[in-house]
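To begin, one chain is listed below as C-alpha cells, in the form predicted on its own.
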C-alpha cells in the first residue's frame, strides 16, 4: 500500500483511506472531511486548545458503526499531546488534545467526524470557562420556538449584565455559552444554569419543558445538566455525523 502524507508546517502527517465514503447520500469522502478541518482549523483550534477531548470515530462513515473513545490510542504518535486525568471512580484516563493543526489532522484521520471538548482546560480542570444552556425542541415545538426561548434566556442574562454567545448544535437545537472567567466550579455553573432555566420555565411553562423522562418531554427542553465535569457538547465549527453534514455553527449577533 502506498502511504499518503499531508505536509503541515513543514512536517509530514500520514493519512489513509481518503477515498472512503463518509456521507453516502451526499458523496462526501474522507478527503472532503479532512479538507474541511484543515480549512476551518484557524477558527476551530482555539476552541479545542488545552481541552480534554471525548472522541467519537466513525471508521466507515456515518452509516457504519461508531464508538466513543476517551483514552488516547496506543498507536498515537509520540508528538500528540495528551493529559492524564484521575476520574472520581479511580480510573486513569489519558485524554487526547488537539493543540495544533498536525494533531487535528491526525485525529481526523482516525475517522473523528466531530469534536467534543471539555468546558474546562487541563490547568484548571475543575473550573469551566463558561456555563452552558443546551436547548432542544420536542414535538410539537419547532426550531422557531427554540429561538424564542433563547431570546428569553438572553433577556435574563442581560439583566445580570452577563455576556452570552449562541451557536447551533448542528442537529436540532441551540447552545448558549456564558463566559465566566474560570472563577467558579462546575457545581456553581450547574446551579446558576438551573436557576435561570426554572425562571424561564415559570415565565413560559406552556413552551418550556424541564422533564427528565424523554418520553414525557414536550416543548423546549433547557438542559442545564450539561454543566458537569467530563460532559461535552460538539465544539464550535465541529461537523456532526448526520445527513447533510451539518456543522455546529456560532451565530453572529449582539452579546
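Numbering follows the first chain given and starts at 1. Computed from a predicted structure; not experimentally measured.
Although it is not shown, the form predicted together with the DNA is what the next lines describe.
Of these, 124-132, 177-185, 108-116, 161-169, which stretch puts a heavy atom within 4.5 angstroms of the DNA in the model of the complex? After filtering at 4.5 Å, what remains is 108-116.
Give a yes or no for residue 226: in the model of the complex, does one of its heavy atoms lie within 4.5 Å of a heavy atom belonging to the DNA? Flag for residue 226 set to yes.
I'd like to check something about residue 217: if you look in the model of the complex, is any of its heavy atoms closer than or equal to 4.5 Å to a heavy atom of the DNA? Heavy-atom contact with the DNA at 4.5 Å: present for residue 217.
Applying a 4.5 Å heavy atom distance criterion, does residue 210 contact the DNA in the model of the complex? Output for residue 210 is yes: heavy atoms within 4.5 Å of the DNA.
Does any heavy atom of residue 240 come within 4.5 Å of a heavy atom of the DNA in the model of the complex? Contact check for residue 240: no, nothing within 4.5 Å of the DNA in the model of the complex.
Identify, from the list 70, 49, 201, 32, the residue with a heavy atom within 4.5 Å of the DNA in the model of the complex. Contact residue from the list: 70.
Using a 4.5 Å cut-off on any heavy atom, which residues of 86-102 would contact the DNA in the model of the complex? 87, 88, 89, 91, in sequence order.
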